[in-house]
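Only one chain comes next, encoded as structure tokens, the form predicted alone.
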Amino acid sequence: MKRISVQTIADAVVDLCRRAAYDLPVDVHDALAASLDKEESPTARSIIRACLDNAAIAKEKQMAICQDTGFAVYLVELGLDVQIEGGTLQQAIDAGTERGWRECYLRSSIVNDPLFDRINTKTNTPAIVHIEQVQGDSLVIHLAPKGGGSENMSAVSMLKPSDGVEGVIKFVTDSVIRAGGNPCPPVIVGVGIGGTFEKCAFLAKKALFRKTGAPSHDLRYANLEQQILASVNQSGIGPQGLGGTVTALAVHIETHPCHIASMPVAVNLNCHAARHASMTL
């Protein structure tokens, strides 16, 4: 049994916060750079170059890539042979998040109550923590800061099984079109299919943790990802919603078995600054 203290986890999370906020991941950078060859609009190409320049400055100056430093969303792979000492995993991650946002001068964006008080917690906590139990004695923590502009464009639809592939393509494409320039395209499109109402929403978020452009392991869904990507990029929305041929950099699909009468589908978008970082203890 591996024992990991709350303090050790919190210290590691601080570094995760810094890396996620300051350093655009290589896979996202490369996808943006590659999109320059696909984009036909001169204006759109200039926007993509500005996005790349912004990421380079953020990394060099160790400053936030975007002023909306986001909700701290964590996907945790907790080994069955790991014991956390000194508190809970949520407490450890919240402590690290609070320190990380404060020490890295990131904007605190979380309010204590969604409807009535709406008072800023000033700690950017509580964090959203999704835990998956896995074999082994490792604790793997993935962080994806999620800005409000892209998160607000999320959508869920309880499609009928008879809607089939075409229904999925239409719903996802329509969701991106409705979002327009709000999620700061070019976007990465996370799609969850199956499960229940809440499960497909989680799957759409989980899909955004994948390496940009990495295809589904299921060839059928890998092909569907490309079909949806082509459909989205034919919308003409383009970078920052100002027109162009690159509205999305990638489409990622995650699936789960579902009820015989259901086919829930969820869409979760990430902006061009698709921030994420990972660590293993």
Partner chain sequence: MTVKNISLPVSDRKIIADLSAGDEVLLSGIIYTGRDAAHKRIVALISANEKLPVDLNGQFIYYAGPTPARPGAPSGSIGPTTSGRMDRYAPIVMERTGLCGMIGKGERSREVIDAMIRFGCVYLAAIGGAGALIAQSVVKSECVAYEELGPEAIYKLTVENFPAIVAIDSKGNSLFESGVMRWRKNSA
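Just so you know, these numbers come straight off a predicted model, no measurement behind them. Positions refer to the first chain, counted from 1.
Omitted from view is the form predicted together with its partner chain, to which the following refers.
Engineer: Name the stretch: of 160 to 168, 138 to 146, 101 to 109, 88 to 96, exactly one has residues whose heavy atoms fall within 4.5 Å of its partner chain in the model of the complex.
Structural biologist: Flagged stretch: 101 to 109.
Engineer: Does the trio V6, T121 and T125 actually contact its partner chain in the model of the complex, every residue with a heavy atom within 4.5 Å?
Structural biologist: So, no: the whole triplet misses its partner chain.
Engineer: Using a 4.5 Å cut on heavy atoms, which of S41, S216, Q227, T255 is close to its partner chain in the model of the complex?
Structural biologist: None of the other options qualify; the answer is S41.
Engineer: Is there a heavy atom of T69 no more than 4.5 Å from a heavy atom of its partner chain in the model of the complex?
Structural biologist: So T69 counts as contacting its partner chain.
Engineer: If you check in the model of the complex, is S46 within 4.5 Å of its partner chain, heavy atoms only?
Structural biologist: Yes, S46 lies within 4.5 Å of its partner chain in the model of the complex.
Engineer: So in the model of the complex, does I237 come within 4.5 Å of its partner chain, heavy atom to heavy atom?
Structural biologist: Result yes; I237 sits at the interface with its partner chain in the model of the complex.
Engineer: Can any non-hydrogen atom of R220 be found within 4.5 angstroms of its partner chain in the model of the complex?
Structural biologist: Because no heavy atom of R220 falls inside 4.5 Å of its partner chain in the model of the complex, the answer is no.
Engineer: Can you name the residues of 77 to 103 that have a non-hydrogen atom within 4.5 angstroms of its partner chain in the model of the complex?
Structural biologist: Stretch hits: zero.
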